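Coming up is one lone chain in structure tokens, specifically the form predicted alone.
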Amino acid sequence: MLEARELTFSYGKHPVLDGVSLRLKPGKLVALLGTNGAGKSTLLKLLTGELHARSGDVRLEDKPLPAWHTRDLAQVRAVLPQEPRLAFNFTVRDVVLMGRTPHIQRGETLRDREICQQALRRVDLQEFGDRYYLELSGGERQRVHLARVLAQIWEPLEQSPRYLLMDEPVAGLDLAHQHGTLRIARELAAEGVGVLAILHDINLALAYADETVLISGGKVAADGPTADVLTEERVADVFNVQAILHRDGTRPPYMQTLPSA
């Protein structure tokens, strides 16, 4: 399990998070929701170790995150940032192959290349291997990086369950690929991977997430099963919009937001 306990963080004198706790269990897809500036991306950076909390700690498999060897951690936990940066014009195949780096000993193997091709197929880019990354659209680049992190944690390992942390993974994607990305996240959870995704769309969370953590004002406003967290009253309170939750039993619940009076 990946666990954050009572995290507090500030940028200088500006408090961002105050006593935030979160648990990500293997086999669960957890959505992290909140308004702009609520602290979602900061929390993700604390979970990855990119930032360090003023108080509280982060543990993976009950081991403090700083105690993990970098290579061991990279073999079991992948991170998809909001805006992946890559300035060099590698081929798509070589970008995806970067995800295999923690597993490569003396050089890439045929199995590494097979995994990369399977990852590209999974994100619907199977014909893009020889294309150059900088020639792609923003949405295509995002899917290439999704394939890269999939390749990184493609196979289960004995020493730990696998985890995938994603910061707004559907930003910049068309509707079909938004759903495609979250279907992949659900499939990974079904395979035993713990998946955390920062989302802005309440209905995507309702459709795909097992659990939701709702952040408001630097604190956890609610967490638990998604349909229990995203109630009409709580959405109105946190997002300041009127909403109607629809349930008909034939599809996932969805929320209709109404314009302000």
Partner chain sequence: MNPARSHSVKIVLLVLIGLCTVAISLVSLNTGPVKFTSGESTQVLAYKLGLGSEKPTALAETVIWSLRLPRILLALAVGAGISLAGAAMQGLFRNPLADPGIIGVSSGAATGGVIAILFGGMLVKAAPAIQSFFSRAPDAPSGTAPEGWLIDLAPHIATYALPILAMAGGVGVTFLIYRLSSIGGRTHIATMLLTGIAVNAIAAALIGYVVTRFADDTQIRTITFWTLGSLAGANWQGALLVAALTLLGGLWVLSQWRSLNAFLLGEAEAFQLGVNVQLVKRGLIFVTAAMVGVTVAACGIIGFVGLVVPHMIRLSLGPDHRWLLPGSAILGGAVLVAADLGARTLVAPAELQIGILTALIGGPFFLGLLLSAKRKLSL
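Residue numbers count along the first chain shown, from 1. Note that the structure is a prediction, hence the values are computed from the model and not measured.
Although not depicted, the form predicted together with its partner chain is the subject of the following passage.
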Original post:
Where, among 172 to 180, 77 to 85, 116 to 124, 185 to 193, do residues come within 4.5 Å of its partner chain in the model of the complex by heavy atom distance?
Top reply: 77 to 85
Subject >> Residue (of Gly217, Gly49, Pro26, Gly56) lying close to its partner chain in the model of the complex, criterion heavy atoms within 4.5 Å >> reply: Gly49
Subject >> Within 4.5 Å of its partner chain in the model of the complex, all of Gly139, Gln142 and Tyr163 (non-hydrogen atom) >> reply: no
Original post:
Could you tell me if Glu155 has a non-hydrogen atom within 4.5 Å of its partner chain in the model of the complex?
Top reply: no
Original post:
At the 4.5 Å heavy atom threshold, is Arg111 in contact with its partner chain in the model of the complex?
Top reply: no
**OP:** Would you check, heavy atoms only and a 4.5 Å threshold, whether Gln159 touches its partner chain in the model of the complex?
**Re:** no
Original post:
in the model of the complex, which residues of 1 to 31 put a heavy atom within 4.5 Å of its partner chain?
Top reply: none
